[in-house]
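Next up is one chain by itself, shown in structure tokens, the form predicted on its own.
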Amino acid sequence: MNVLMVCLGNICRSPLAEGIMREKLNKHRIQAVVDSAGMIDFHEGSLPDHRSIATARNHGVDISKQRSRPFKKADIVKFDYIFAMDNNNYESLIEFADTRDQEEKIHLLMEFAGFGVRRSVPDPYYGNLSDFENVFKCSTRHVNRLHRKLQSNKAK
């Protein structure tokens, strides 16, 4: 299984979601490729925002080795699940899809996690550490839900 987390710049939300997902799947010995990307290349090669790194570290998750990269069209083929952090990212990702099967790989993270239809993970970039903590909690809920879904699919 291959999972991709996508936000605008790939320095705040998607690196947190990637780190949480990787940690959870490793803990439960689920083979998966987990990555993150941004819809823009402005931060390409940059570390995650220092507040994302600190928030993750406070929860025992290390994202300090991640580097921002832009989303590529090839990602639509490579990944089984693509999770957008907000509606704008979701709409941009859908434009990359050439087929219905590719469209069905793309989900809003909050919607998939059961937070409601068309809900976005708030962008913490202009906020403070509590905003990053909120993103961590939202992402953790999503990861736990996806993990349960994957486990139930394995049992079938």
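In this text, residue numbers run from 1 along the sequence as written. The model shown is predicted, which means the values in this text are computed figures rather than measured ones.
There is another form of the same protein, the form predicted together with 4-nitrophenyl phosphate; it is not shown, and what comes next is about it.
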| item | value |
| --- | --- |
| Option from 59 to 67, 27 to 35, 98 to 106, 119 to 127 whose residues, in the model of the complex, bring a heavy atom within 4.5 Å of 4-nitrophenyl phosphate | 119 to 127 |
| In the model of the complex, Ser139 touching 4-nitrophenyl phosphate (heavy atom, 4.5 Å) | no |
| Non-hydrogen atom contact Phe42 with 4-nitrophenyl phosphate in the model of the complex at 4.5 angstroms | yes |
| Partner proximity in the model of the complex: Cys7 to 4-nitrophenyl phosphate, non-hydrogen atom cutoff 4.5 Å | yes |
| Interface membership of Ile20, 4-nitrophenyl phosphate in the model of the complex, 4.5 Å heavy atom rule | no |
